[in-house]
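We begin with a single chain expressed as structure tokens, specifically the form predicted alone.
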Amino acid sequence: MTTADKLRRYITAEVVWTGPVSDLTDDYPLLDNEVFDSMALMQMLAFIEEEFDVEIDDVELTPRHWRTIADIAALVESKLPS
């Protein structure tokens, strides 16, 4: 399972996602469509840090890292050991 798939699975299971799963593509605009509120974003952050054993720095909590599943996956993958 890819990083993006794990993130998508989390969003559909734990975040209030009311649309069809097929709409939740890697490039679906999460922030523009208000998929995350502040609480959901913090819960997603906790999931990422635990699931992938990475630490997301406060300076990385900017919209450019959280716009889409692809953006979040890229951030996570940049933190993984090579």
Partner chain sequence: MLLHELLEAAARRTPRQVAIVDGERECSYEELDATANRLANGLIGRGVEPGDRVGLHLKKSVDAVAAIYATLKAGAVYVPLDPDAPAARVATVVDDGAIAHVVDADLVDRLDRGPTDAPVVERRPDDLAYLLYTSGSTGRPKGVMLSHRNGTAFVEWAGREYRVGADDRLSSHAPLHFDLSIFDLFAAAAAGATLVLVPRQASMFPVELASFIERRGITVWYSVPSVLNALVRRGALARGALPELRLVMFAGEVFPTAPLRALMAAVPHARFANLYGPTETNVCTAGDVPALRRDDDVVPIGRPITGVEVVAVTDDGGLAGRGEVGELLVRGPTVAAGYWGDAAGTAARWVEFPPGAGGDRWYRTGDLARTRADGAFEFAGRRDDQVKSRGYRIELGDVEHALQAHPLVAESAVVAVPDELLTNRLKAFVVATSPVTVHELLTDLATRLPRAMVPTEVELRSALPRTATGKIDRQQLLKEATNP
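Quick caveat, the model's predicted, so the values are computed rather than measured. Positions refer to the first chain, counted from 1.
Not on display, but discussed next: the form predicted in complex with the partner chain.
- In the model of the complex, at least one heavy atom of E49 sits within 4.5 Å of the partner chain.
- Of the heavy atoms in D23, none are within 4.5 Å of the partner chain in the model of the complex.
- The partner chain in the model of the complex comes within 4.5 Å of no heavy atom belonging to A74.
- Not displayed here, the partner chain is approached by D57 to within 4.5 Å at the level of heavy atoms in the model of the complex.
- Residues of 34-61 lying near the partner chain in the model of the complex, listed in sequence order, are E34, V35, F36, D37, S38, M39, L41, M42, Q43, L45, E49, I56, D57, D58, V59, L61, the criterion being any heavy atom within 4.5 Å.
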